[in-house]
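In the block that follows, a single chain appears as structure tokens, in the form predicted on its own.
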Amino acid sequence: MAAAVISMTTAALDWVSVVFDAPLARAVVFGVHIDGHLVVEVLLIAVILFQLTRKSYKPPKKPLTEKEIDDLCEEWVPESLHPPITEEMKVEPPTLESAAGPHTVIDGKKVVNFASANYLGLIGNDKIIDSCVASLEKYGVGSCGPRGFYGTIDVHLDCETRIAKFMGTPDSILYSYGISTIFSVIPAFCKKGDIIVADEGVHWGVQNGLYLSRSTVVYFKHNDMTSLEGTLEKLTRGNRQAEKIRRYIVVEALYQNSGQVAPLNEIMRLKEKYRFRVILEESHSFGVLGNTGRGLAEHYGVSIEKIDIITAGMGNALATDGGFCIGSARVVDHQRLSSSGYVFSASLPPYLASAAVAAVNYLEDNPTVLTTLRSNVSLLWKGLSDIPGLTIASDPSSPLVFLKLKKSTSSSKCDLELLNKIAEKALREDSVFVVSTKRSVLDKCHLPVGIRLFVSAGHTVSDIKKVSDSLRRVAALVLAEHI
């Protein structure tokens, strides 16, 4: 059949060519002989162009009837705005009914609190409360405006000056919310095309800042300096383009997700060797590490001027809220125009700035509070050294004591269920308040989950013994089949 069609088409083309060849036998245009084949080819090209340029035919749409519209509306199911709600999501966390000090009240029962990062025990401190009351009477509650638009009050400037003087830097800048500090600072300096090398264990606030910066982000193994050096070497070796773009190392001083302390001396060596800048997040180390609580630089004896950018939240050691960033005058001034958390947020309530000043003054005037804190951390380490089924993963100098399972179930979800049972049983039976690590679906940290205990200078020896005995007993019961 196909051969017959081809034969007929060839015969038709030959006939058309013969028809056109006769009258055009002697036709020559610009030295080109016009024969029947050429005419046929031109006609075919014209037909093809016509078909390509003509508008496609669309039959007129028939309007839907009222019944058809109603049927479609009944069948339509809107897409969910959120993922399915699981039973774990429906669990209500414990509700505090008093201040989150070393002892607090939950559901009408007094408990020992190891779930609040009240490291210096300043929640409820009389001097801080007095400073807040005086500030409320003078300024009211809020500022009702960003710092650049009539939201700057003299107490904000006093607080920035006090923090800069305490840390030994030229200047500092205040933010109105602790976690927004780091994820506003990173995008203020890191842009698309820049390279950021970050620890894989950084908390969600740092991760959000990395995402908002739109920079090229490369992660290295948690607190592993061999991995960091290998990553820096890989990025810079033979890459002349890398020398022309901005490069940063982003780490936490004391990691919220593990309790580990970053080896700043090694990080600074690698920074200078490969010519990177360092952004250091000190929310859990400020007021805690170092002989006088000035953070990781003092802890390692590194000059603070060598660290390019340092950020910290004030909601932990200082028992207030907000955050700050310290560095050179140029680093601070750049943020006043380029940092979204500073430019577009209402400024820190004045009484919280007053509380921060009072807390820094207290820390400077009472250095023994750090001795008490370290003594409590050491005592807790001894109490938990032989806890069944669990092991301490944090640094011995860290007041954030991190317990993880000795033997994982190979599933973070199952691990977390076991740890939640331990925390719930300790609260219900022994009035000991501890918390497991809870991460949102947006958190990309893949470190092992665990139980976090925040040690405070306000805890007594009996408090430490109570939590140690409780966790040993409860862990042995819950993990009996798992050990």
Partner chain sequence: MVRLPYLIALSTLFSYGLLFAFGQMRDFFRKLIDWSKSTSEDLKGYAPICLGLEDFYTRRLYLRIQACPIDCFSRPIASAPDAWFDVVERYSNDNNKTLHRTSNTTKCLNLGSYNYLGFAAADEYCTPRVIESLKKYSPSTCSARIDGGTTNLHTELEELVARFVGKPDAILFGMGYVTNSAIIPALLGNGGLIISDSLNHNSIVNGARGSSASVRVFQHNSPSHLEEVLREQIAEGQPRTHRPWKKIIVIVEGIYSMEGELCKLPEIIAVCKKYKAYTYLDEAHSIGAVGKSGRGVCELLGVDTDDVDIMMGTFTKSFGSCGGYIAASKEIIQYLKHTCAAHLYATSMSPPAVQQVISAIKVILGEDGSSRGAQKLARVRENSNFFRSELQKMGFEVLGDNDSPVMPIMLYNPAKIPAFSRECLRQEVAVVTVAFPATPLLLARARICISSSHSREDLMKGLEVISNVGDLVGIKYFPAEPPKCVEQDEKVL
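Positions refer to the first chain, counted from 1. Since the model is a prediction, treat every value here as computed from it, not as a measurement.
In what follows, reference is made to the form predicted in complex with the partner chain, a form of this protein that is not presented.
K.L.:
Heavy atoms, 4.5 Å, the partner chain in the predicted bound form: which of 110-118, 363-371, 398-406, 259-267 makes the cut? Say which one.
P.N.:
Heavy atoms within 4.5 Å of the partner chain in the predicted bound form occur in 110-118.
K.L.:
Would residue 123 sit within 4.5 Å of the partner chain in the predicted bound form, counting heavy atoms only?
P.N.:
Because a heavy atom of residue 123 falls inside 4.5 Å of the partner chain in the predicted bound form, the answer is yes.
K.L.:
Decide whether residue 70 counts as a contact residue for the partner chain in the predicted bound form under a heavy atom distance cut-off of 4.5 Å.
P.N.:
Residue 70: yes, in contact with the partner chain in the predicted bound form.
K.L.:
Indicate whether residue 325 is a 4.5 Å heavy atom neighbour of the partner chain in the predicted bound form.
P.N.:
Although the partner chain is absent here, residue 325 would stay clear of it in the predicted bound form, with no heavy atoms inside 4.5 Å.
K.L.:
Does any part of residue 435 reach within 4.5 Å of the partner chain in the predicted bound form? Heavy atoms only, please.
P.N.:
Contact with the partner chain, yes.
K.L.:
With the partner chain left out of view, choose which of 214, 237, 165, 382 has a non-hydrogen atom within 4.5 angstroms of it in the predicted bound form.
P.N.:
The option sitting close enough to the partner is 214.
K.L.:
Only one of 195, 352, 173, 280 has a non-hydrogen atom within 4.5 angstroms of the partner chain in the predicted bound form; which is it?
P.N.:
Contact check passes for 352.
K.L.:
Could you pull out the residues of 95-129 that have any heavy atom within 4.5 Å of the partner chain in the predicted bound form?
P.N.:
Stretch hits, in order: 95, 96, 97, 98, 99, 100, 115, 116, 117, 118, 123, 124, 128, 129.
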